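Here you get one chain, nothing else, as structure tokens; it is the form predicted alone.
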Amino acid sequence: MAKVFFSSWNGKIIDERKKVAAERKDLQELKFPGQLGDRALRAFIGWAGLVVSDPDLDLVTALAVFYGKMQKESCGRCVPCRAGSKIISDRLAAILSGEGKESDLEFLVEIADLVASGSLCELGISSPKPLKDALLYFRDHFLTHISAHQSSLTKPLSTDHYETILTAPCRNGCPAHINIPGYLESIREGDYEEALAINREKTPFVGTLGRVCVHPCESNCNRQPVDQALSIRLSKRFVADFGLRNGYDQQLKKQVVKSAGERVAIIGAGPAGINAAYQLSRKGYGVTVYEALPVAGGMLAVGIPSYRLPRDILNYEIDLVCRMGVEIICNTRVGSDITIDQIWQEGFKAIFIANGLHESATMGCEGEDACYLGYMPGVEFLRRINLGQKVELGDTISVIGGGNVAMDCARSAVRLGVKEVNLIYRRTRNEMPANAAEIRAAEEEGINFHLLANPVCILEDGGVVSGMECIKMELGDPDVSGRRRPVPVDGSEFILKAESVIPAIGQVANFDFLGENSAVKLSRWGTLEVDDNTMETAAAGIFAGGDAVLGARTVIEAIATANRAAVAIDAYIRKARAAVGPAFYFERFLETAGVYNPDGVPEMVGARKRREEEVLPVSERISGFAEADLGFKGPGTAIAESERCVKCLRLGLAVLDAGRAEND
């Protein structure tokens, strides 16, 4: 296991240099991996200091690489960062070339202080820290080069591999690692086409995510302790809508063709399947997507009501992918209409499974399996209304659950004219997994919340649902999810009248199409087992992603798995070995390395009000399925919001040994 030789990360000094290797702390104690892919981590240099694991590292050379990268990334808006980074880079280069002097070391400290104190963004403010730490604790490395004009250390540095990344708390909080500061800066400059292009590097679903993403990026925004997080999701929506109105379609041209006509098959046209098809098509592969439903989009199309995601927006973004040459074959269920074996026989070189979760989990209450008229699982209910099928619910219904699907069901029922919608959830409002905005909207629209309650029995009259018996709950000890376990309160049963009951407590997948002898394995949670990095299953050439692997998660998480899988599939086809490359390992490592540190918020101007979107009045939005949330009012609002971004950029450099290149 990799050991800590020295660390100054986040201001905590761990100096193990005088200890033998066996006595040193494990690198994992700092949440740093010993390896990125097949390459050992020798050191990490970044915004919060130094972490060194290899005693033989020539730190001066590594720092020269780091500050050379800083110089390239500096935007030039402020002199201290732009000029200071060049001075540092040039002076380190001089030391390495044998032209340095000992007085250079004091000069470097002075320049580092000037850059840190005078820069206007976090790239300049934080990047000098590792240099100052190195000059304080590893002065001998600099003096070795100055006195000997060459490195006296044992490992030839030409064999090292350097992996650099420019990130930010918000970007790191995004599962797909979209360059959020980059597109916010483009919005601020009025370059909406470039902002859209930055988003489309990761996904075609820019307008879709701009409406339905749960925006974990905003939870990592450094403005939170000062005033409010940036409206990152709405900024994304703005550039997508602006691009749609102004014909910014050219961004979806294929970038590289290197596949020699090889083809990949995808099972499922949901967000993961379409995103994988998009990325593979950009790499030059021929892609065919098999979809059991009559429409493409998966749960985006049949699981999210149109008042949240208008179908013209979703269909437009799917059509952009089709125009790249991707073929989507709907009404084709793998397993019955075509088999896995037949797909291989068609000449496909790899298969990506992304069939999603289109069946409902059960409540386990009495009467659930009796097929009463009026009982309809939430997934089925949403699918029927999204496909334009008639649904009769009656005047009073009960929806069970506290997630986004439950909110979608309840809010859709209101729009269908149901007079009384009761929502039953077994925990409190604070534990509800649904988005806070969805919960507020449901309350505004008159939905009755029955919290700390759970169904016991579905009541019927002549085979037709007539009500539901529930029991009150109280919160006990935490369960495996970390939330307090709901416990029934004896003797607290009560009856709710209901003409329809819609459970929305979870979804499950159907993998019957794999067959009994498939090498693809299922986890104990009923999802597909894959390599966590490459998304490859135990069956050669078969990969998987999205909810089929993750369970019921978010659109952006599904997209992240698809992006990893596309890179791995490309490597598998070209070199017969699935791999994703150090950059992907680096991004995943940074998710735990403290990119967002609420205790280290940079200085910024406070009290800058967050711009919110326009929303239809309640009376208008419950009258039908027209889009309820309307986004920013116009470019002025989008620009004003982007100006709240203080560019909390973080530069990191991983120094790796030669190893074996994952994607060479």
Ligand SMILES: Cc1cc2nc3c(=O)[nH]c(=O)nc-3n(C[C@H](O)[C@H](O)[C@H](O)COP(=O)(O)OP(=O)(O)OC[C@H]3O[C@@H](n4cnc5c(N)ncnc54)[C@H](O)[C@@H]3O)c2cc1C
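From 1 onward, residues are counted along the sequence shown. Model, not experiment: these values are computed from the prediction.
Keep in mind the form predicted together with the ligand is missing from the figure; the text below concerns it.
Heavy atoms of residue 290 reach within 4.5 Å of the ligand in the predicted complex, making it an interface residue. Residue contact with the ligand in the predicted complex: residue 92 places no heavy atom within 4.5 Å of it. Taking the partner from elsewhere, residue 248 is found to have every heavy atom lying beyond 4.5 Å of the ligand in the predicted complex. Although the partner is absent here, residue 354 sits close enough that one of its heavy atoms falls within 4.5 Å of the ligand in the predicted complex.
The stretch in contact with the ligand in the predicted complex, judged by heavy atoms within 4.5 Å, is 548 to 556, chosen from 478 to 486, 362 to 370, 548 to 556, 312 to 320. For a residue to qualify, one of its non-hydrogen atoms must sit within 4.5 Å of the ligand in the predicted complex; none of 80, 84 and 120 qualifies.
Only one of the listed residues (267, 535, 180, 400) places a non-hydrogen atom within 4.5 angstroms of the ligand in the predicted complex, and that residue is 267. Interface residue among 503, 128, 207, 298, judged by heavy atoms within 4.5 Å of the ligand in the predicted complex: 298. Contact residues in stretch 214 to 242 (any heavy atom within 4.5 Å of the ligand, taken in the predicted complex) are limited to 214.
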